[in-house]
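As structure tokens, one chain now follows by itself in the form predicted on its own.
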């Protein structure tokens, strides 16, 4: 299953809600303002690092670049481009967008 999160963890509890439902083998894709959580020094970085023990975590690189955070990705988080985003959607039989 692919979980897609787009809200900033400082603005809403969407990321925490998502991660509470993540199971081994699932993938999480952070897009839009959720990409901040995948960067070193962010308040939610520890939460994302802990999630790496259970799931694969991806971050949309164009959204990181738009926020000038491309050089600060947490180790273990995989940056993807739009093609990678499409690949994740097609590789997972179920997709859940967290609003």
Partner chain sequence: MEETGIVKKFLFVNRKAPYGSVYALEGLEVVLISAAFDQDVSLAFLDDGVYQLAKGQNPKAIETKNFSPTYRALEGYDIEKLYVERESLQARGLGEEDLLVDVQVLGAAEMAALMDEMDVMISF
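What you are looking at is a predicted structure, and each value in this text was computed from that prediction instead of being measured. Residue numbers count along the first chain shown, from 1.
Although it is not shown, the form predicted in complex with the partner chain is what the next lines describe.
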Please check if residue 96 has a heavy atom lying within 4.5 Å of any heavy atom of the partner chain in the predicted complex.
yes
Would you classify residue 91 as touching the partner chain in the predicted complex, given a 4.5 Å non-hydrogen atom cut-off?
no
Contact test in the predicted complex: residue 42 vs the partner chain, heavy atoms, 4.5 Å:
no
Using heavy atoms and a 4.5 Å limit, would one call residue 26 a contact residue for the partner chain in the predicted complex?
yes
Contact check for 47, 50 and 56 against the partner chain in the predicted complex, heavy atom at 4.5 Å:
no
Listed by sequence position, which residues of 14-33 have a non-hydrogen atom within 4.5 angstroms of the partner chain in the predicted complex?
14, 17, 20, 21, 23, 26
